[in-house]
Ligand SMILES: C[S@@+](CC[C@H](N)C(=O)[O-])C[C@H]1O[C@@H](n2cnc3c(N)ncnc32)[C@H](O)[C@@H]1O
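In structure tokens, one chain follows: the form predicted on its own.
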């Protein structure tokens, strides 16, 4: 347990439930409104995803770039990327049903750039190299004994997917050890910056996994407890590949 605080960071609302309930929701960024249909059993946008959305919408541009998003989910980030200058999008998901959900939500909006949809297992993507890669890697619910599997393989495989001089942008929790990710990115030759940081309260299901909490407590600065509420810190990292 750590007493880390970040009073200057933005905060996110407390998530509820298991995040798999059916939902119709609207998100706004600037003048753009994003309406999403999410059926039961599909992940609603998480605090991680919402923080990444905010950063994509306000802090980053993708002008004239072909952007690959791994694990597009319901398509929220895709709509944002299309409005932040991307010239084309390639969106992946693990199964046909979720790919079709993303297609449905993207096509509801005024996305007038080419969009390719691909069923792919994480970094096993055809095509490229792309100008930029954007993603929210699984961690707490990774389904792997080694929870950083998706983060580490993302960093190690980025050079296979992104052109020299291109960028990797992703969000991760402090409980996944941000300094470790930065170190690995630098070992792969990337110039790295933390674009934005925010605090968010734990999701309810964190407390159902005692092993996850034990692992998180062993990460330096992994989480903070303030007034009895547990907080993780969410960081958007961007790495630029060597030219």
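All figures in this text were calculated on a predicted structure; none of them were measured in a lab. Positions refer to the first chain, counted from 1.
Form predicted together with the named molecule: not shown, discussed below.
Chemist: Any idea which of 55-63, 172-180, 194-202, 42-50 reaches within 4.5 Å of the named molecule in the model of the complex, heavy atoms considered?
Modeler: One stretch meets the cut-off, namely 42-50.
Chemist: May I ask you to check whether residue 150 falls inside a 4.5 Å heavy atom distance of the named molecule in the model of the complex?
Modeler: Taking the distances in the model of the complex, the answer for residue 150 is yes, it comes within 4.5 Å of the named molecule.
Chemist: Give a yes or no for residue 94: in the model of the complex, does one of its heavy atoms lie within 4.5 Å of a heavy atom belonging to the named molecule?
Modeler: Contact check for residue 94: yes, within 4.5 Å of the named molecule in the model of the complex.
Chemist: So in the model of the complex, does any heavy atom of residue 122 sit within 4.5 Å of the named molecule?
Modeler: Answer yes; at least one heavy atom of residue 122 falls within 4.5 Å of the named molecule in the model of the complex.
Chemist: Applying a 4.5 Å heavy atom distance criterion, does residue 128 contact the named molecule in the model of the complex?
Modeler: Judged by the heavy-atom cut-off of 4.5 Å, residue 128 is well away from the named molecule in the model of the complex.
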